[in-house]
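The chain that follows stands alone, in the form predicted on its own, written as structure tokens.
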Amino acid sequence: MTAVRHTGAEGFLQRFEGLRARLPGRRLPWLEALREDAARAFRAQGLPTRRVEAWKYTDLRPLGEAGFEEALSSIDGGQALPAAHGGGARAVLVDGRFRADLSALDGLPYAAGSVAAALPGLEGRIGAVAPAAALPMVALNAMLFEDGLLLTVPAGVPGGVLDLLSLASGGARPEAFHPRHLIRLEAGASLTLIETAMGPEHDGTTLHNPIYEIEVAEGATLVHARLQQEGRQGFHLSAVHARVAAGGTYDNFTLVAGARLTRNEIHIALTGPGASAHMNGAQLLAGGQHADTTTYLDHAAPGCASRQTYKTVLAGRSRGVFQGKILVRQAAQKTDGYQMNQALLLSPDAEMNSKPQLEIYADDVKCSHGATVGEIDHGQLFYLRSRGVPEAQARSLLIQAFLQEAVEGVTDETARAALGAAVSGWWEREALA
């Protein structure tokens, strides 16, 4: 009875019933039970509506009405791929499935490969950080995931830079895929993961619903840069769930520049003393794009620090959302938390919704948050124009300056350069579109 109230849930549940016999791990009792539990949770919750407070500003009705089917990959091993960052190590997924023929993982000092190929040994790991019943989109992923990136960096190993390229092949019918990524850094390890999501600009409607389960052990450092550049017919609904142990650092930056509708959720728990998290991002929106960044930061241990800086640039009739919550538990004394969200409106038709939140139960903390929404400074624009800078270039310079604070928050130089290149020239491309 509950599912009837949530438009679109029935289609995904029917797809689960039809695919059940073909999904990976069907002979693993623990995985079959996990999928069945997820199906029950999704049946009870359905696709969230705007009556749910956390989804107040994001409408998923178009998602429920699309009628998504299983993706049929059309990218072959001879297709040219974008140049890799860093040393050239790369993991490639096409429509949520790991592709060894497109990946370059030989010689790495850590293990990286396919979740599907390793399923018999993953009991207790899938769902450990992101339980299926936690959120409806996590439940949907647990029902239907086929593959993903499995990555473990051993203790004390400097992992260097790894590219994760997620491609959507697209087609004549709406297609959906739900990768489950399992990433673990053991004590003292380090890694920079630069992820790029790309899809067809005009051919076909896609749904990319990745879930990340990330474990950062004592003293480990993970830099996770994400570039979402999928086609304007796509839907991108992702959730990052990370646990950071004592002295560990998780540094996340997400750049949203594609897809028709994006929901980027980040859930981080600082579970040990001295853990830290950097959560930065930028949303570059135009036309009728809608992007929602929702963060939840759990300070569960003393002496932890967190920094959040999110910038949104909106042109045309685009709509942006930022919801950020910092929870400081009673045991988390000496917490240092900062959160800032700023939006730049380039059009009178654009809209920004911002909802920062603090929930504090400790008495020895330093926490602050803020939000601003404004237009380009016309005085600065006039100054540049008066010195011969064309208007499109002048606007682009001011937009890049606005975004610079968020990009500079990325500690890894390779990741910072990749993000800067993606931001550079965005306004010129939109002005010529």
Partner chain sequence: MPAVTETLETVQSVTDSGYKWGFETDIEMEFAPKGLNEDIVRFISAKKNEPAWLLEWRLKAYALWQKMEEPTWAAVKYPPIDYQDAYYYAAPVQKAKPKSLDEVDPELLRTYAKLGIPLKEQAILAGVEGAGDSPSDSGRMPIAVDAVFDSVSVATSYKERLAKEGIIFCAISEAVQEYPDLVRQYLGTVVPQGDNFYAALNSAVFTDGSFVYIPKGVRCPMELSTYFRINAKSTGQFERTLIIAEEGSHVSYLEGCTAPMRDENQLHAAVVELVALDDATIKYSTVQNWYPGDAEGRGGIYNFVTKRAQCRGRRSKVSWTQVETGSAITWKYPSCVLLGDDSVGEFYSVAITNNWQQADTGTKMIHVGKRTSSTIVSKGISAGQGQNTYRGLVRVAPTASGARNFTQCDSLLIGDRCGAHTVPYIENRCMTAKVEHEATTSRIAEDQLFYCRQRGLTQEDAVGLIVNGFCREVLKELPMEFAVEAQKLLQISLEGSVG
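Only the largest set of C-alpha atoms that superpose within 1.5 Å between the two forms is called the rigid core. Everything quoted here is computed from the prediction, not taken from an experiment. Residue numbers count along the first chain shown, from 1.
Another form, the form predicted together with the partner chain, is not on view; read the next lines as being about it.
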Out of 49-57, 31-39, 403-411, 384-392, where are the residues with a heavy atom within 4.5 Å of the partner chain in the predicted complex?
-> 49-57
Heavy atoms within 4.5 Å of the partner chain in the predicted complex: does residue 366 have any?
-> yes
So in the predicted complex, does residue 173 come within 4.5 Å of the partner chain, heavy atom to heavy atom?
-> no
Taking 4.5 angstroms as the cut-off for heavy atoms, does residue 355 touch the partner chain in the predicted complex?
-> yes
Going by a heavy atom distance of 4.5 Å, is residue 360 a contact of the partner chain in the predicted complex?
-> yes
Tell me, which of 218, 336, 123, 351 has a heavy atom within 4.5 angstroms of the partner chain in the predicted complex?
-> 351
Selected contact from 119, 102, 134, 345, since only one has a non-hydrogen atom within 4.5 angstroms of the partner chain in the predicted complex | 345
Can we say the CA of residue 391 moves by at least 2 Å between the shown form and the other one when the core is superposed?
-> yes
